[in-house]
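Let's start with one chain on its own, the form predicted on its own, as structure tokens.
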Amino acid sequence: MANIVILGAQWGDEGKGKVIDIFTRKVDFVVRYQGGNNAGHTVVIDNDEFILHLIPSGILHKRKICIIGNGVVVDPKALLDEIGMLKKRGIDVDGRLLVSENAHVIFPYHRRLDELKEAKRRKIGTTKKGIGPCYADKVARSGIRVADLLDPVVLKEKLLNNLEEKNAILDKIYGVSGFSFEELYSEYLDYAKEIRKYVCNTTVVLNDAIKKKKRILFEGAQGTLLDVDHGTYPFVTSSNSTAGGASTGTGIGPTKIGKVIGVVKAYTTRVGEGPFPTEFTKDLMERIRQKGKEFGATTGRPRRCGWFDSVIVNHSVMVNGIDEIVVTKLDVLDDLDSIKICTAYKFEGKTYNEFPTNGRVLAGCEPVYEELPGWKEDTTKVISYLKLPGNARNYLRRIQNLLKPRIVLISVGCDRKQTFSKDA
């Protein structure tokens, strides 16, 4: 099997954790390439639920090597908490978890600035984990990397410089107190001692693995429509959650990636602010939200829900070069009399078949729908595509016709076992 990227083709929360967990059986390495602990990948194994924020979902499989790449921003406390959680539940990460020495480190001042900016500006819907401010420091070339964290001399110099700037911003712009250098320096030296054994040059490790014909799965976080370049800007995350991020976020050349798999829900959700053309009415929203358990794995926030939108997914297919599609949560639609699919947008008399980059157009557009009959049957116990109700198969067939890449996998529940191939 070729090296693959698995990513979300909507606004995140598509069920990537479960899909990655399934594909992990066929690979040797699983790699996170962007984002931070603002992600929330959920995997259910025999009714035992695991929610992972930083560590790749593949860690739940024995003998798989999991890597946090250079494109990820790492909160050391969150990382150590997650390692501790896994160990308490009988999953040892030692020898199987590697962290890039070039990944950037989140500090408390990043989280404080994230909170203050969100309160002061037009709301973006940030998780307030410090992700954006950390990436901002990275781009401004003032960030502190994991390699710096492990060198007390470098850490001292960089932290002093950063605190001089951040404390002045906190005081003069926001009118709040800053941070003590001594306290932060001591705290982060302690983190360095604990994470040192996991840190290495992961770019070399991965390129060596490719030379040895090892199989690698690149795990995307968030979703394509949250990509900082290709999403619904400014209501996006601060990294490239698209397939291109797998190269820049790990140091692997794009020619080394053989396949891109996009994960979509059978409907659409998004968390936080921003345009959402196919958003449900209030009553249907609550109905689907409760049945689909649509609450953020990281923040617990209720997700906004809407009909399947082929316009945004076709945008994802294009910018990621998606080869295959996985459809999740088909079962959530089991009770509906009819189901809509958005095939285009209309705005001021013009029809848009492609995703509009103009935020005013996207916020004000009217979705063009096709309506299909529902199946009104429980699909959660279905074990093969041909056993699905006829109208459920028709719905999937129409989605595939609109998207072009073939659907390869369908999920009808949160457990590993509630998944089957479309060819089965």
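All values derive from a computational prediction rather than experimental measurement. We number the residues from 1 along the sequence you see.
Just so it is clear, the following notes concern the form predicted in complex with ligand IMP, a form of the same protein that is not shown.
Please name which of the stretches 229-237, 89-97, 157-165, 206-214 has residues with heavy atoms lying within 4.5 Å of ligand IMP in the model of the complex.
Selected range: 229-237.
Report yes if any heavy atom of D13 sits within 4.5 Å of a heavy atom of ligand IMP in the model of the complex; otherwise report no.
It does: once ligand IMP is placed as it appears in the model of the complex, D13 has a heavy atom within 4.5 Å of it.
Any chance P277 has a heavy atom within 4.5 Å of ligand IMP in the model of the complex?
Outside the cut-off, so no.
Does the 4.5 Å heavy atom contact test between L330 and ligand IMP in the model of the complex come out positive?
Contact with ligand IMP, no.
Quick one: does V146 come within 4.5 Å of ligand IMP in the model of the complex, counting heavy atoms only?
Flag for V146 set to no.
Considering ligand IMP in the model of the complex, which of V271, V319, I339, I195 comes within 4.5 Å of it through any heavy atom?
Partner contact (heavy atom, 4.5 Å) among the options: V271.
Have a look at K117, R111, R301, K291 for me and say which one sits with a heavy atom within 4.5 Å of ligand IMP in the model of the complex.
The option sitting close enough to the partner is R301.
Is every one of G40, T127 and Q222 within 4.5 Å of ligand IMP in the model of the complex, counting heavy atoms?
Every residue of the spot touches ligand IMP in the model of the complex.
For the stretch 318-355, I need every residue with any heavy atom inside 4.5 Å of ligand IMP in the model of the complex, listed N to C.
If the 4.5 Å heavy-atom criterion is applied to ligand IMP in the model of the complex, 318-355 yields nothing.
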